[in-house]
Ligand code: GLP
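Below sits a lone chain in structure tokens, taken as the form predicted alone.
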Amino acid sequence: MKLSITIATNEKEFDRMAAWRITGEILNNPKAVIGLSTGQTTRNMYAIISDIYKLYPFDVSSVTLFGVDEVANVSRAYDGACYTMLRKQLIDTLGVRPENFIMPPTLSDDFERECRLFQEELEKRGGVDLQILGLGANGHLGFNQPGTPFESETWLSDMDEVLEERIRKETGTPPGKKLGGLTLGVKNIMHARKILLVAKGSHKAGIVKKMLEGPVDAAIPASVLQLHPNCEFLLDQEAASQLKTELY
């Protein structure tokens, strides 16, 4: 199956193209359900969407936005909580109604229930029209780390050690308190009608090559996107630098 790979000439074009993919989905489908990712890759994309909205306000009254994952057992006031990042970077600037911003809580005494409620709420809204995904350095999608079964549904996963150490330091979380990531499972992600995987920078070149040219293997969760019928891989030239040119 031929993959849909788009390579931007520079970072500015990459951010602009990604921003218009999301904006275009909203304009074409006023009731769209759109999943968002967080991190360095998406920050500028969301800033461009916000700038577009300021210049040419578009209707977001019936759009549902949500985050693909959330850090568990930290306060929502923590700057690294996905809820907080998305609120600051996009939700508030667009004036999205609170009831149309769907996120699992960061704190709960029953995360299994929260996973079920999060998944059920998205299903009630008709499922996901567009899912934005970043690419982890080890190939993870959301908090689905290497080895996560492809049939996984919304669940509370373990964090990779580097991220967990950073979050513990930033939040003062003691070693005895478990940190994790509540995330849509790989199966849920694959049920999205359209997916946009975004990756930029030379540090992502190796994992991009494994994702697109390697076998579909749970050891590289993102490799499963090769099988999605409507997934676009948006890369900058640095992230695409190790790919075989005939692939795109």
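Sequential numbering from 1, following the sequence displayed. The structure presented is a predicted model; accordingly, all values stated were derived computationally and were not measured.
The same protein has a further form, the form predicted in complex with this ligand, not shown here; the description that follows concerns it.
Could you tell me which one of Gly206, Gly39, Gly201, Pro30 places a heavy atom within 4.5 Å of this ligand in the predicted complex?
-> Only one option qualifies, and that one is Gly39.
Find the only residue in Leu65, Val68, Ile49, Val60 having a heavy atom within 4.5 Å of this ligand in the predicted complex.
-> Result of the distance check: Val68.
Go through 109-117, 171-179, 127-135, 88-96 and give me the stretch that gets within 4.5 Å of this ligand in the predicted complex, heavy atoms only.
-> Only one stretch qualifies here: 127-135.
Using the partner position in the predicted complex, report whether Gly142 sits within 4.5 Å of this ligand, counting heavy atoms only.
-> Gly142 belongs to the contact set for this ligand.
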